[in-house]
Structures are given as C-alpha cells and as structure tokens.
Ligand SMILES: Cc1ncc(COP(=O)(O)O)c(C=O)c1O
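Given as structure tokens, the chain that follows is alone and in the form predicted on its own.
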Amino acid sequence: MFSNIILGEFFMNMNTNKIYLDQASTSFPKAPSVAKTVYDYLSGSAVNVNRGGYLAAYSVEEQIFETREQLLRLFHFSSGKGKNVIFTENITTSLNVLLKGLLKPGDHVLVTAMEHNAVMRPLVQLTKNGVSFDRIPCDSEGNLLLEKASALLRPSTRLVVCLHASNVCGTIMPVQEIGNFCQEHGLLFILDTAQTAGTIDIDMEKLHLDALAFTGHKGLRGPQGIGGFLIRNELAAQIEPLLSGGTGSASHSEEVPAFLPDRFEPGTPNIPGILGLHAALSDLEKASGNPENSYQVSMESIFAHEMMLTRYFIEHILELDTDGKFIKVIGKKNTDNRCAVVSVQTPQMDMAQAAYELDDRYGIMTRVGLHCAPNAHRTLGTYPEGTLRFSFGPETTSQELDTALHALAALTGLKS
C-alpha cells in the first residue's frame, strides 16, 4: 500500500520529471481551480443536496444548477433547460442509461466501424434481448463512408449512435452529415463526445442531436468520476430509467419521478465531481475573454495548439522513417478532420515493451493496446496487436514531443 507521503512524492515527481502524453485517457494537469474547489468543498461544508433544509445545502444546489447552465451553453442546447442536463459518473454510464433505457426487442441501430466499447458492449448485451445493429463502414484511416449507410437501413431502424472522434487514431466523424441523415430518415441521433468535448465546438441544435453524452475528466479538464448527458424532452419520455431510488423529491411516492433531472438522478450525486467540473467549465469560459462567444474562443485556441503539436509529431516521425519500417503512423498522416490522438506501431519492437521503456527510461507516459475499441483496430488493420498511442493537451509542449521523438528513435533503432 502506498502511504500518503509516498503518493504525494510520486505526484510531485510526475509534475517535474514526467511527460504526460495520455490525454485521450484522462487530462493532466486539471484545470487550475479544480483541485482547490474540490478540497474546499470536502474540507469546508461537505453537505448533501436535495435533502438538507439549510443555507449550506441550498448554496451547493445553486452551484450544481449553475453547472447545468454551463453545459447548456457549452453544447449550444438553446431549446433545453437545466433539467435536461443529467449527471452520471462517466460517459459509459450515460450511454448505458440511454441505450438500455431506450431500445426494445426488434429495434435496429446504426453505429460506425470505429466505436468504443462504451457503445458496443451495451449494444452487444442488448442483442441478447432482440436488439440488432449494423456498422457503417469506415476506410483504413477511420473516415466514415456515410454513403453506405442507406443500404443498411431497415424498417425497424430507430437510432444512430456514434463517437465524435476516434480514441485510437483521432479521426473525426462527419457529425453534421450524420445529423442530416438522421433528420432525412426520421432517426434518433445520440453522440459520444468523449474525445471532443472541451476541444471542439459542438452544437446540439445544428447537429440535430437528441442526446449528447459527455465526460468531465478529458477535454473539459475536470475530475474523474463525473459525466452525464444532455437530452431532449421527447427522447427522455421514451427512456425507462436504468437506476431508481431516493431523489429527495416526491418522497410521498414509491414511483420513479416522471420529471427531469430527478428521473435519471437517484441517490446522492457526486457533488465533489460536479463542483470540480463547475470550476473547470468556469476556467474554460474565463479563458475565452469574450462573454458573447462564451467557450468558443478558448476551445479554438486549444484546438489550434493541439493540431500544431499533432502536425509536428507526425511530420517528424515521417521524416525519421519514411517507409514506416521502424515507426509506422496509423490512420491519417495529416491534421485534416482529426483530434490530437496519434497511434503508431513499432514493427521492430514489441509495443508493450516500447511503452514500458518510454516510461522507465524517459519518463514518457503513453497507452498501448487495443484502447477498448477492437473493431476500430480491425478497420485500421491493427488488430489484434493494437497500437502505441500518444495524445496531447493544451499544456503539452513541442519540447516534450522532441523528447518523445528522440526516445522513439532510440528505442526502435532509428537515429534521432
């Protein structure tokens, strides 16, 4: 067991001696005011909400309400209200609530060939109860071949659910075209924004989204353990709650409340997580310096920085190894329609060993394997071995990437 002292020393060393290139898994460092906000709540008045009839509880409830309002602004959900923002523990829980509460035997679903298991495992579970799905094909760079979707439609097709960007190779899906396709064919549209929320501007109204699932600990730079979904009233009315219990409301009844957000938020919420997310969203909003544009200016700046790093990293790998004999870039070789996730393979070296050596010898933290997206790897031609993944954030520097490039070249036998 690590003692608190040892853990403290480890994280201090992480700040000074480590290079963190695993932002697609979770962001680090967190937004500036997150840790203080969570600490102040837990050490000050860690009261519950929707239960206490006193000022401290009402104050926390107000901050939670403000967080819902922030998320409405972030995702341009102008027709929604605070009640249409539902908090869960993460995006996986959100997708389970949406899919398992909505789909019935006989329903058919379309997904992309690049989906994460947060979508696929619930759907595969549901096939045992008579739900079916088809994958819209993607090419070897992860680009969606939407023109092939019409042929997959059935009279029972009810929904398209997909990720916004691949967590394996960074390719961004054409979500506006998917939204238009759903409108044309009368389909529901649910979007998984795990890799894009906080980095790319997402407009629920323009995209014709019925629900949007988000997580707080990646691009939004909040704490782990907090996520949720935004949902239209029409869809919410069709979903049977996955969980039920006390909400602090309608306590005279043993029936699940019919109104939002209580219908999907039983039990004590993750208040430290919500308040930490509130702080992260406030930092993102303040960074824009433009109340008219709210989050957009700061997200554009973050995205531009991350694309500069992505371009720099890929171009230098291709310069080091033009034929991919030692370091092979998987997916796109440019920054068109992608986020800051770059996967490589090391044909001359076991990738798990490479990841270990990067950390042990150079202090570079990455992720290796299948990244919870096996069919994405089948599509990219990297199954079953997977990839070594590098992902960048707003505080990643080109100097850190130089170190990573030097380390990769040294480990794989290339000259840096």
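None of these values were measured; they are calculated from a predicted model. Residue numbers run from 1 along the displayed sequence.
The protein also exists as the form predicted in complex with this ligand; that form is not presented, and the subsequent description refers to it.
- Taking 282, 346, 92, 298 one by one, only a single residue has any non-hydrogen atom within 4.5 Å of this ligand in the model of the complex, and it is 92.
- Checking 195, 112, 171, 310 against this ligand in the model of the complex, a heavy atom within 4.5 Å turns up for just one residue: 195.
- Taken together, the three residues 30, 71 and 278 lack any non-hydrogen atom within 4.5 angstroms of this ligand in the model of the complex.
- Residues within 4.5 angstroms of this ligand in the model of the complex, judged by any non-hydrogen atom, belong to 114-122 and to none of the other stretches in 114-122, 201-209, 236-244, 319-327.
- Residue contact with this ligand in the model of the complex: residue 21 places no heavy atom within 4.5 Å of it.
- Contact annotation for residue 338: none of its heavy atoms lies within 4.5 Å of this ligand in the model of the complex.
- Contact annotation: residue 220 falls outside 4.5 Å of this ligand in the model of the complex, judged by heavy atom distances.
- Contact annotation for residue 230: none of its heavy atoms lies within 4.5 Å of this ligand in the model of the complex.
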